[in-house]
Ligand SMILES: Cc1cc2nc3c(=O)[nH]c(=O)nc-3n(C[C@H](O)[C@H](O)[C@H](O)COP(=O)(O)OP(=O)(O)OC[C@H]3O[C@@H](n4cnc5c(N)ncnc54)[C@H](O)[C@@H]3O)c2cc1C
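There is one chain below, alone, in structure tokens, taken in the form predicted on its own.
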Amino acid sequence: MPQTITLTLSPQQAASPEVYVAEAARRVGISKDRVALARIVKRSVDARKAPVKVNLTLELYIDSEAPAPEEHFDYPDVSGHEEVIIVGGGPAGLFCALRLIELGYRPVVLERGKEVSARRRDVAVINRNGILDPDSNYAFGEGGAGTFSDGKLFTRSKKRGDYNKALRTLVFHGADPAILYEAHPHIGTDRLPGIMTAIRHTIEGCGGEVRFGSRVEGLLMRDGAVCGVECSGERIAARNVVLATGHSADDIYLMLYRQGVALQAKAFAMGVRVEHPQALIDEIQYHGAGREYLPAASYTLTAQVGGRGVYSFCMCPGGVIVPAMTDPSESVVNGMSSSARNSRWANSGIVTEIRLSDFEHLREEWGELAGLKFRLELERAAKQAGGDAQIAPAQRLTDFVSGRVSYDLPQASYVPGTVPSVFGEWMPTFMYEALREGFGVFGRRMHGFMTREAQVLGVESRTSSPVRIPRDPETLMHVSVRGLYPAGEGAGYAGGIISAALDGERIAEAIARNK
């Protein structure tokens, strides 16, 4: 059996296997030559005070002791098995498909967008302020919104499934094994597309099916149960349908609403993206220490402003801001970064709570879709403030807080371009005031954060779904439609790549259990 040991080292020491292996051997009282293998099982940076330290947990295999075998995934051939329709090819849908294969079902994934290579071209057009394809963009297409994202894999929930198995599944399909031991693992937008494609190849290689350009336009129902879907003019039959459409599939919510399928309005969050020079965030977080042996620094910020939460969301160190709208009438921004996190900018969503009471005035006309309407109104207001194509409204952070016009703007990572805008003139007052005061709190806690070098871009509105598709907590089926399984972020049961993946796996297991 290996011996486990945790070391607290300087960043330089932790970057050198020769150094940390020698220290580990000394700590357990053996010569370095007797260490057959030192496997990292956890690594984290402790920057709470100077000097910055790295905590490294190792498994030491001594003498000729062999390491434990790696887990392999042997997916069976499910050709000719019972089909399950999965609407959406993001993390929830793809992990649901993989688990269904393990359980002996044939998944049929219906994805409205395109496969990765074609989707890359459409994203490039968006960045050049070309025409936005509403079915192929940063939100829709192979791998869903997660394909073109930072690829953060942290989740606070460990109750939804096997977190470690999900990480191993990603490694099996091409992710860096470091995600298995980093305290805050991420994959990077340069690697995610290949991983999503590899998962598709696994599904297809086992007899499953992934159809692109397949927009679901209606559910087929009989006697209170789903019996298939209407998809691009074709009827596809199945007694189990998984809705894993992501939080931007507004047309799916409208389709369900028209068909009388129960929905629930829910609280969510919206705000802005704030961007700083990465060097400034490094200076603040690492107390002036050099970054030669440290990753790009990140931050997590929270505040209560008049009883309303304001917090950082999807922080992307060494990242860029991208246009995440799904319709030309909207302005939506998001953040992403490559695996190296080596851009000269750091960005984060800074968002505030949107409560049911905030859009109560829309309930009479829009019912349970009132939050969706509220979100759309903000995105369209941001579009009007930004102007042409994907140009984003922006304001220096200090001007945002003081309510002044920014007569000039710092260079931004946002390729389509920015235009000065006074957010307080078009953003709902309660949102603007909460964000403004929240930034003030963050500036006092993180000295240097409040600077003219930083700017805000708008709007960050796709943090989560404003609608929940309700499901029974035991069967995980929709509360009133048998055989219909809401899953992932779009259904209101996840928030990020891993939690969506785990929820997809839970749905697959529920389908097998409910047969």
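From 1 onward, residues are counted along the sequence shown. Remember, it's a predicted structure, so these values are computed and weren't measured experimentally.
There is also a form predicted in complex with the named molecule; it is not shown, and the following applies to it.
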Options 92-100, 371-379, 352-360, 293-301; stretch whose heavy atom lies within 4.5 Å of the named molecule in the model of the complex: 92-100
Contact test in the model of the complex: Gly271 vs the named molecule, heavy atoms, 4.5 Å: no
4.5 Å heavy atom contact, Ser149 to the named molecule in the model of the complex: yes
Contact test in the model of the complex: Cys314 vs the named molecule, heavy atoms, 4.5 Å: yes
Contact test in the model of the complex: Ala244 vs the named molecule, heavy atoms, 4.5 Å: yes
Sole residue of Ala166, Leu219, Ala139, Leu132 within 4.5 Å of the named molecule in the model of the complex, by heavy atom: Ala139
Selected contact from Ala175, Ala249, Val210, Val84, since only one has a non-hydrogen atom within 4.5 angstroms of the named molecule in the model of the complex: Ala249
Whether Gly104, Pro486 and Arg506 all lie within 4.5 angstroms of the named molecule in the model of the complex by heavy atom: no
Neighbours of the named molecule in the model of the complex among 178-215 [non-hydrogen atom within 4.5 angstroms]: Ser214, Arg215
